[in-house]
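One chain follows as structure tokens, the form predicted on its own.
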């Protein structure tokens, strides 16, 4: 197997699995229980939260643990109501993941345009940033293109607007949320430098367990729970804590931080090798992207057929976000950057990761080229 879809899911790293193992059977206690073994588990849980928080320049008390990035994104929007019954003007990038887009749209949100590169159109942001806007949501890294957004610059614009509002006596809050699910493995994230009020993280994208996420919440930001019950996570996420998951997330976050520089160099080298050896493609994401993201277009060819052909040869790739591709939904991200219908239909997303090596990259390029040639002959193009 040659797996080139690490943006969709990553395997749990061996060190992460080892760190989690004791909390499944030996240290199984409910952290809310009163006896000493349970208190020890509770302490381990808080310590693990601290490790995750440290990876983004925050503290354990700043995090709310969730069951993944989708829940974290939904929870973030409760800062401005977050439900269709509460109309709050929200700006969101038109290339956002559906877990952001759908909530923002339900609140009557407006989409901010992107440039053909996939980077936010700051002029459009400024034009839409009226006094009624309460929140802006822009992912740090796009999940289909790997495009890195200039969050610190966006935060600077927000500071200017807030200062102007203050001078004019406008009391509407203005928050910045970012989904950083794809970023922790390859970017040095610091919430203070980014200037965010809310930040979403996802263990499943950084060689941690699935079903575990976190939301960073800056001081003074008020949220409402999506579920109520036992009052865990400061009452914002009731339910018995997922101790093994959080322990695993902490180990994954620590490993990501430790290997940041090495990963960048490795993936940059592999990306260049893959692009050099692929044939007859158009590179879609050319600038401002993570080192492990490659989006290529074979115009006139059905990428979904290519996915099946490649799977038969043991190469696993994607046509876009896994949740959209599985439903046969056209990529709103590729449409937003101006690609034609045939370009969108012929686009593949290849994302490199820890399951790969240089030999695999060369073999993958060979197999992809062969699959494309088979399709070109079949279609006589």
Ligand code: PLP
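None of these values were measured; they are calculated from a predicted model. Numbering follows the first chain given and starts at 1.
A second form of this protein, the form predicted in complex with the ligand, is not displayed here; the remarks below concern that form.
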*Residue stretch of 247-255, 152-160, 197-205, 116-124 approaching the ligand in the model of the complex, non-hydrogen atom distance within 4.5 Å*: 197-205
_Please determine whether residue 69 contacts the ligand in the model of the complex, using a 4.5 Å cut-off between heavy atoms._
yes
*Does the ligand come within 4.5 Å of any heavy atom of residue 97 in the model of the complex?*
yes
_Using a 4.5 angstroms cut-off on non-hydrogen atoms, would residue 143 count as touching the ligand in the model of the complex?_
yes
*Flag residue 73 as yes or no: does it have a non-hydrogen atom within 4.5 angstroms of any non-hydrogen atom of the ligand in the model of the complex?*
yes
*asked:* Could you pull out the residues of 171-205 that have any heavy atom within 4.5 Å of the ligand in the model of the complex?
replied: 179, 181, 182, 202, 205
